[in-house]
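Here's a solo chain for you in C-alpha cells, the form predicted on its own.
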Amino acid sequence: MTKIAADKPGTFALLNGDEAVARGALETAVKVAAAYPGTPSTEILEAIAEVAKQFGIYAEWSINEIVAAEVAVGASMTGVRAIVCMKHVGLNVAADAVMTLAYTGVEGGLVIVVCDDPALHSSQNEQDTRFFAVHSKLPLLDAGSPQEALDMARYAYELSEKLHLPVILRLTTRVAHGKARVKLGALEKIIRRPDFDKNGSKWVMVPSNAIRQHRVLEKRLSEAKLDAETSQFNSLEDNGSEIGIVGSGVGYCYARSVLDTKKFSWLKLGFVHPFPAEMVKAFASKVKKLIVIEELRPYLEENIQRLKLDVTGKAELGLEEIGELTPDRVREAFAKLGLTDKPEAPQQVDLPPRPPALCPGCPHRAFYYALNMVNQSVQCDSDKCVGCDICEYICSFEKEGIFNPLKSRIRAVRIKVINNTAITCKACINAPCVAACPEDALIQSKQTGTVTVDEDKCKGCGWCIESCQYGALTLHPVTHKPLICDTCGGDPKCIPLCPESALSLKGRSDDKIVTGDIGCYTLGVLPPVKAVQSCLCMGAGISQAAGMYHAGVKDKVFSVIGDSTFFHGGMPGLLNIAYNKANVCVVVMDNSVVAMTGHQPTPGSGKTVMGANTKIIQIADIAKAVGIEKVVTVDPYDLEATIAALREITNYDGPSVLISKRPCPLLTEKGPKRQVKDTCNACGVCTKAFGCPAITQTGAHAEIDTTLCNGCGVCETVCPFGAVGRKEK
C-alpha cells in the first residue's frame, strides 16, 4: 500500500506537493481522474493511478489536456467528483473547454490542478495561472507548501460544489516537487450514483443560453468573493508592526524564513481569485507600509494598487517577473530595504558544464545523424593534413585508372606557411556552380547534394570554376570538363587511405529545414547534430512546416514530432498538410512511450495508466487514413536504410510520413558493450559528428565508457575505419 492510501487520519507522511494533491483527492472520494503528462504535474495522476483500483477510481492518461479536461467535465456533469491535472502550457490547450465551462458550471466537484514552472525547469515559457483565473472568471487557490496542497485540494471540492464552478488549484515547481511532512485527513466515504440532467438549456451554450449563464457566473463569482474574504487559506498575523508583508505561494514561505517574523505583520493569501480586497484593506489599515512578495507576475501587487493603496513591490525589491524566487533572492530583496542582512556570497565552484543531452543509445541521435548524412561531402582537418598529396593520387587512380593529380577531384593545398588542407566539392546548398553554368550541364541531386556533369552539354567554359568560392573545381587536362567530387557514391576511397586520418565524410544540417516539437528530440537543436531549427508548442512543427512550404521556401521541409506528441497535437496538422498538399515530410520519432516526463504509456504502447491491456494504435494507419500516400517506417539504428529512405523522401513531391521506430533505450535490455580498437586514428566522427555521451576523445584515440554504453552498436556503423567493435568478455 502506498503512503497516500494510508487510512490513518491525523498521522503524518512525507509527501511532495503532487502527491499531496493526490491524497487530497482521495480523501474527498474523487471518482474520475484525467491528465496529460507534463513536468511538474505528472506525479499527481501517477499517484492516483497507483491506488485507483483500490479506491474505485477511474484514471487515464488522455491524449492531450483539452481531452483530459473534457473527460473530467463529463464525469462532473453526472454528479461525481473529478480531477484534471496539467502544467501551465497544458492549460493553454485546455482553455477552449475551460473558458466555456465557467458558464455551464459543474454538478460534482471539479478541480483543475495547474502546475506553473517558474524558471522554466522543463518548459518553453513562463506563465502565471493566477491571471488565467481572472481571464476565465474561475476561483483559484494558490498552494505554498505540500500541506496546503492537500488541504486546498480537499477544500476545492467543497467550494466547487457550493458554487457549481470548477476550481483551479495552482502549484509551482518547488511546491509540486518539494517534500514536506504532511498531516493526513480522513478518507471520506462518499457514494454517488452518476446521473446526468438532460436539460439542454443548462449545458448547451448557444448564445441565448450563454448570455444567461454569464449572468449566473457573475453571481457565483460574487459568492466566491465572500468565501475568499473569510477563507482559512487567507490568514492575517498582526504583530503590531508598522511594516506588513503580503505574499502567496512559496515566496511567502521564503519571506518568513529569512526575516524575524515577530518584527513584521503578515498576510498570507492562498485563495487569491476572486481577490479578497476587504481583507487586504483591513490589513493595510493596521500598518504604515505594505510589501508584496510573489513569484512571476505582480498579481497581488496590481490588485492592491487598484485599491488605491501604496505598496512596495517588484520594482523596489529588485525582483524580476522572470524566474523563480529563492531564499537568497528574497533575502537580497529585503536587504535593499534594510530589513535584513545581505546573503553571504555563495562560494563559486568551478564545475564543468553539463548541458542536457540525448542518452547513450537514444534512437533520436541515430536518426538525426542519418538526417544530416543525407547530404555528404569529404572534409579535411587542416590540423592533421601534412600536404602529402596521397589523396590526389588515390582519387585519380580510382576515377581515371592513373596516378595523375591533375585528374583528381580532390586537391591538396597550402593555406599558411605550415598549414595544409585538402579541398573538394562541399555540395553547397543551391550550388553556385550549377546556377553559373550557361549550358545547364551541371545537375545537383536533391537526394545527396552531389553535383554531376553532363558531358554532352558541357563546353568547358569554366564559369563553374569561377563561381566556386572554395576553389574546389578544376578542369580535366584532356577533356576540359569540370572535375567534381561525387564522394564515390558515399564510399570515398581517399578517406581510409589518408595516412594522417585528416579526411572524413561529413554531413550537414543546413541543407534542409527541420521544424521541431516538444520532447526529448528537441535536444536535436544542440551540437553536434544541430538538426532541429524551431520549437513552438506541441503539434506546431507540422503546421509551421506547411506554412514555410506554402510561403515558397526552396529547401525540403521536415517536421520532427514524437509519438505521444503526435497523438496529442500532431494529427490535425497532418490532416491539414494532406488536405492542402504541402510538400512536407513529417518524421514521427516513435519510441512507444512519453520518454521525457517519465515513460508514461501512449496510445501506441498497448497499456493504460491503470495497467490494463488496450488496443495499440498504429501511427502508420493514422497517416494513411488521413490521406498520406507515402508512409515509410525505418529503424534508426540501421543508418544505411534510414539514409536511403530519407534520400528517397527528399526527392518525393507531396506530403509524406517517415516513422523512426525504436523503443527508448532506458526501457530495453542493453546490448553488447562496445570498445575502441587500437586502430582508432582519432578522426573525431564519433564525437564531433555523432556525439554519443558514452564516447570521448582523449588525444590519440577515442574511448567508450562502458558504464554509459547502451550497446546499441550505432557507433560501429558511424566509424569510417572500423575501429569500434564489441567488447570482449
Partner chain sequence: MKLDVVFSGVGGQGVVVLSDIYCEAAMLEGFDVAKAEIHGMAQRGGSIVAFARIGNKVESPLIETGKADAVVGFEILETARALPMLKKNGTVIVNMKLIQPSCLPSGVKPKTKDQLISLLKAKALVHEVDGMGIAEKLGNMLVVNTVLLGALSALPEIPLKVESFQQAIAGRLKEKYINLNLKAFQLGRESVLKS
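The model shown is predicted, which means the values in this text are computed figures rather than measured ones. Residue numbers count along the first chain shown, from 1.
Just so you know, the form predicted in complex with its partner chain exists too; it's not on screen, but the next bit is about it.
Heavy atom contact within 4.5 Å of its partner chain in the model of the complex, the stretch among 592-600, 269-277, 83-91, 497-505 = It is the stretch 592-600.
Taking its partner chain in the model of the complex, would 70, 608 and 651 all count as contacting it (heavy atom within 4.5 Å)? Not a single listed residue reaches its partner chain in the model of the complex, so no.
Query raised in the report: Which listed residue (387, 327, 298, 405) meets the criterion of a heavy atom within 4.5 Å of its partner chain in the model of the complex?
Result: By the 4.5 Å criterion, the partner-contacting residue is 327.
Go through 254, 233, 549, 157 and name the one with a heavy atom inside 4.5 Å of its partner chain in the model of the complex.
Contact with its partner chain in the model of the complex is made by 254 alone.
| said: Can you tell me if residue 121 lies within 4.5 angstroms of its partner chain in the model of the complex, counting non-hydrogen atoms only? | reply: Answer yes; at least one heavy atom of residue 121 falls within 4.5 Å of its partner chain in the model of the complex.
Q.
I'd like to know whether residue 692 contacts its partner chain in the model of the complex, with contact meaning heavy atoms within 4.5 angstroms.
A. Yes - in the model of the complex, heavy atoms of residue 692 and its partner chain come within 4.5 Å of each other.
Quiz item: Quick one: is residue 681 in contact with its partner chain in the model of the complex, heavy atoms, 4.5 Å cut-off?
Solution: Residue-level check for residue 681: no, no contact with its partner chain.
- Query: Would residue 708 show up as a contact with its partner chain in the model of the complex if we use heavy atoms at 4.5 Å?
  - Reply: Yes, residue 708 sits close enough to its partner chain in the model of the complex that at least one of its heavy atoms falls within 4.5 Å.
* Across 518-555, which residues bring a heavy atom to within 4.5 Å of its partner chain in the model of the complex? -> In sequence order, 523, 527, 528 come within 4.5 Å of the partner.
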